[in-house]
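First comes one chain, alone, set out as structure tokens in the form predicted on its own.
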Amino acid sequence: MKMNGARILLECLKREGVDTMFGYPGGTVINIYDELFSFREIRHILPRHEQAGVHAADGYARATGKVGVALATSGPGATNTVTGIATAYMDSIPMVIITGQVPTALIGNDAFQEVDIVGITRPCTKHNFLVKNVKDLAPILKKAFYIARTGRPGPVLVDIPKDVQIAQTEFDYPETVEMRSYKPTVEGHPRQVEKAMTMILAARKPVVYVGGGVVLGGASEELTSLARMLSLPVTTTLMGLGAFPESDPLSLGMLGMHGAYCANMAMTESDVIVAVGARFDDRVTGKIATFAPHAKIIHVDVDPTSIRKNVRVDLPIVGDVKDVLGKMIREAEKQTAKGGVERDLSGWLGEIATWKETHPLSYKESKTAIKPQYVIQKLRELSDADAIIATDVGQHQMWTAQFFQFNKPRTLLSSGGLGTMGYGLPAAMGAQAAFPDRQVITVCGDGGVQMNIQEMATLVQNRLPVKIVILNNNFLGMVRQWQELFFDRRYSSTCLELPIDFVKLAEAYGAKGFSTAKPDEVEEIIKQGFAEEGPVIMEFKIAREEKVLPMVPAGASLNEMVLNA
């Protein structure tokens, strides 16, 4: 059957199982929107800004494990997607971004709303395509989805000129993909797994260090089984939270710059570190020269370029984390069944228990000012067991990571690598679109929430009942904290002096709003907000100069934490 390019695009999306897309119309995608008008198989959600549309597709992808899809027009529409694409790229999120382009004959002529989005996004996409012939459209889209979801996932951009959307050809969607230059390694080498297990079983102070790859790879069950089988303590990055239940006694919580004392000390004193789906980011390692000085490192990752990129590695294993962890479980059973393996981790686990007891995550309570940590604890207590939490970026993000306690994968959505303010609200929107019957909460600061506050209109229009928690200190809090600790409290451009009435703002969008500065009203407002059927803003005016602690200062070692200040 002959179809035009716009219809072929939609048919391809349907074949890939896309049920929801986030897009903003414009001149070079008007033909796609004309076809979409009568195409009922895909739900289209109109954000109020293209950046928010990409963040929403990102949140949808993180919450579901499926490929998120966003659509934008050429020129400014396309450039508005870049921050969202870079956010997804840094955190390895599978997405396909469709952009319109001026007709092929006008490319390079500085035509109206022309921009080289392929060139612009080359550094922040896993791959991108410019479609020059309608006959190539279906094969390119097949490749785009394959690249986005396989190996180390990531965003793929497909730029489609207007004349390609109009042109017609026979529609034939490929069943398989064959790309000679792209063949990710999935299966971990059995000999490397055998060596790794020998090292783990011989270790006296082992630690499993887990990144977002375990969540993205759907390997939480295998990770949990292995850790419990061998009594291995587990610490996670921000992106790895939820991969291992934080309620488990073996959990050390999050490590790194604002990680738990016990996690950072365990990494420093460990003799074997098993890194799974993590990339040894600078926020995790601290000072590289003193990182894990006594440890041999086993690094499991599907992306070979991530191994040895930042730290020395004694045993690399390239492969899908689910496959490798499954092989590790079988190898552990095999080696322990042979006998002769003497393991006594009681001393190590006791040392960790002492660290947990002497320096737990804590804060000074107050009867006069709302402590943000208290708000997060109350959210945990009152929310559903399978609630999805999206955060913006800043102090509130770290308080959420420290005090919410995540026990399931894909329940925390947060911009880790790029640290994108404005991410939380639209990401929650995408997750709520994916799971209309689950509780979705976004925790934001008063700075970041205003970067995409226009999406309140999208929530109300689409009846997406996201609960928005704003921890308001009238500061750009994380930068202010650095200014307090390292710049003699010179609060340069970090004080948000104009007070915003967030209750009236919520009402202006047709939503409900609640606000308080009193600690004894926190619980009741959360209950009221959760009881509302639609989207809600809950503002908590918190202690203005509360800090995120512990903190590893820039250039310091992991064990050189600021515990009190």
Partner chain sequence: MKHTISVLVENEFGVLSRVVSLFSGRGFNIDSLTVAPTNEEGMSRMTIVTGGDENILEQITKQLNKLIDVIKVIDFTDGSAIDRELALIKVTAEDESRAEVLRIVDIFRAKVIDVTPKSYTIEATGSPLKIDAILELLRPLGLKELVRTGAVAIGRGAKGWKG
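Positions refer to the first chain, counted from 1. These numbers come from a predicted model, not from an experiment.
The same protein has a further form, the form predicted in complex with the partner chain, not shown here; the description that follows concerns it.
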In the model of the complex, the residue from Val193, Ile147, Leu412, Met254 that sits within 4.5 Å of the partner chain by heavy atoms: Ile147
query: Pick from Ala369, Leu130, Leu418, Ala457: which has a non-hydrogen atom within 4.5 Å of the partner chain in the model of the complex?
result: Leu130
Residues Gln405, Lys527 and Ala531 all lining the partner chain in the model of the complex, heavy atom within 4.5 Å: no
- prompt: Going by heavy atoms within 4.5 Å, which of 468-476, 382-390, 298-306, 443-451 lines up against the partner chain in the model of the complex?
  reply: 298-306
- request: Look up in the model of the complex whether Lys126 has a non-hydrogen atom within 4.5 angstroms of the partner chain, and give yes or no.
  value: yes
- prompt: Quick one: does Leu201 come within 4.5 Å of the partner chain in the model of the complex, counting heavy atoms only?
  reply: no
- request: Answer with yes or no whether Lys338 is in contact with the partner chain in the model of the complex, where contact means some heavy atom within 4.5 Å.
  value: no
- prompt: With the cut-off set at 4.5 Å between non-hydrogen atoms, does Arg490 touch the partner chain in the model of the complex?
  reply: no
task: Let me know which residues along 175-198 have a heavy atom within 4.5 Å of the partner chain in the model of the complex, or say none if there are none.
output: Met179, Arg180, Ser181, Tyr182
